[in-house]
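Shown next as C-alpha cells: one chain only, the form predicted on its own.
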C-alpha cells in the first residue's frame, strides 16, 4: 500500500477550527416496548475483518459481523453488566474449596449450524486452541489463561478447568466475547479452518460475505433459546471512512453503528433525525497507545522511548481531541474512573503525564542528545487506516514529536497489512490500541508482558520483572496489596522503560435510530454484539 503522508501542522490547524465550530451536545433517553419479531437490522462497521477467527483477532471489525454466528461458554448479561451468566454453560457452576477446580455443565440440545450437537468435547477443543495453541496458530489471548493447567471433558456435558494457582479473574476471562465455541471435529482436521470459514451455534446462521462491501446472516431456527433471536436477518455494511458512515446512519441506510461516533458526528445525526434519534453514552475500556519496536535502534534505548512519551502533551490533547474524536481521558494502564485507576496526583509523577509540558520536552531533548539521536532524526509511524480516532491521534502525536526535533512519516494501512506488520516487527513505531471487555488488571496488563508470553506485545521486548509482577498481582485477593503491585508494574512500563505508552482513553457515544430496540450500551464495544436481544420497533 502506498504511504499516505500528512502535512501535520495544516491538519492540526484544521482540527482546532473544527473544535470552534462544534454545537452543544445533547442526549436522549432510550425507548423500550414489547419485543417484536421480524425485519432486518442493517448496521455499519468501520473496518473489515482481517480473518474470521475470534481467537486470533482483536478488532471490532471482525467481532461485530461475526459474533451473531457464535455462542460462548459464559457471557456478560448486557442488561446488568458486568454480571456474568451462562451461555452454552448452565448459569450455575462449581468451584472447589481450594479455588483451583472449576466445573461447568453444558446445556443439552445446543446444535451447531450444520445440525450436529454441541458437547463438552467442543468446549474443550475450543479452549485448548486458545490456551494451548498448536504451532503456527495465533491465539491473541493465550496469556490471559497462563493459570490453566488442564482442561478435561469427563462426560459429554461436563467441562473441568484445573488451575495452577488461584485467579480472581478466571471467570471473567471465560466470559470473553472473543471465545467463540468451535466444533472439535473441524479443529482436529484443520486448526486454522475458522480463519476463512464460519460455522457456529449462535443466534444467526451465516449467509454471505462480499469482501469490503457487506456481511449477512439469517435467523437460526434451531437456536437453543426458543424465543430468540427476534430479527429475521442482519446485514453489516463495511464503511471505512467516518463521513460516509455518519451519512449512512443519518439517511437510514444503516440504523446504527455499534462502536461509537465522535461528538460532531453525534450532533450531525441528532440534528437530522430529531425525535427519531437515541443517544447512548458510556465510559469506554479503550485507549490508543504508542508501541515501539525495541529491537530496532535507537528505539532499543529506554532514553529514546522515554523522550518520545515526554514530548506528548496529554492534558491539552484531552481538551482538543475530545471535541472532535473518541479520545478524551488522561490515564495510565487502567481506565480513568475504574477501581484500579491511578489517582491523578500519582499519575502526574510519571514520564509523559506531567502537566508542565515545556519541562518535559526539555528533558526529552536532553535524553535524545544523550542517546546520540541527531536533530531531525527520521522514522516512520505506522497507523491503522481508520480515521476515527486513529488518524487524528497519529497527526497530533507526530506534531508533538516534531517539537522535540523528530521528523516522522505517517503511514496509514489497511487492517491486514497493519496487523501483520505489528506481529512481524516490520515497523519503527505504531499507533496501537487496547480495548477490553471489562476493567480487570489481568486483561489490561497482558499487552505489556514479555513477547514470549503475550502475542499482543508488539514491542518485542522481554522483561522478567514485569512477568513476575503480573503473576504476583494476579494471585492477590487483597485489593490494597494488589494495587501496590499494580503501581510498580505501571511505573516500570510507562516511566522507567517506556516500552509502550498510552496517549488517551476513549469516550463512547452511540447515536442511533429509535427503531433499534433491545440493545444497551456498555463500557465495551465487544460485549452484547450477538444481536439475540435486538429487535426493530
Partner chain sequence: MTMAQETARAARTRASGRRIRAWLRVALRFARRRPLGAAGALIILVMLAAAVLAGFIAPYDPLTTDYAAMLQAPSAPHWLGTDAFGRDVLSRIIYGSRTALIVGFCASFLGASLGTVMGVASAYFGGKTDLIVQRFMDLLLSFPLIVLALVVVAVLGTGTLNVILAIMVPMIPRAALVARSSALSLRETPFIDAARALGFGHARIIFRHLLPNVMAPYLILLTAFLGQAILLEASLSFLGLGVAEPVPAWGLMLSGAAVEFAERAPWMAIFPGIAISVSVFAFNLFGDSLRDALDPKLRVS
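What you are looking at is a predicted structure, and each value in this text was computed from that prediction instead of being measured. By rigid core we mean the largest C-alpha set that fits within 1.5 Å across both forms. Numbering follows the first chain given and starts at 1.
In what follows, reference is made to the form predicted in complex with the partner chain, a form of this protein that is not presented.
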Requested in this report: Give a yes or no for residue 267: in the predicted bound form, does one of its heavy atoms lie within 4.5 Å of a heavy atom belonging to the partner chain?
Outcome: yes
Query raised in the report: Any of the heavy atoms of residue 410 lying within 4.5 Å of the partner chain in the predicted bound form?
Result: yes
Query raised in the report: Any chance residue 316 has a heavy atom within 4.5 Å of the partner chain in the predicted bound form?
Result: yes
Query raised in the report: Any chance residue 243 has a heavy atom within 4.5 Å of the partner chain in the predicted bound form?
Result: yes
**Report entry** Single option in 321, 148, 184, 367 placed near the partner chain in the predicted bound form, where near means a heavy atom within 4.5 Å
**Finding:** 321
Report task. Let me know the one among 436, 442, 463, 391 whose heavy atoms come within 4.5 Å of the partner chain in the predicted bound form, would you? Result -> 391
**Report entry** Segment that reaches the partner chain in the predicted bound form - one of 157 to 165, 235 to 243, 463 to 471, 99 to 107, heavy atoms within 4.5 Å
**Finding:** 235 to 243
Report task. Just give me the residues of 391 to 429, first to last, that have a heavy atom within 4.5 Å of the partner chain in the predicted bound form. Result -> 391, 392, 395, 396, 398, 399, 402, 410, 412
Query raised in the report: Is there a C-alpha shift of 2 Å or more at residue 250 between this form and the one not shown once the rigid core is superposed?
Result: no
Report task. Could you check whether the CA atom of residue 102 moves 2 Å or more between this form and the one not shown, using the rigid core for the fit? Result -> no
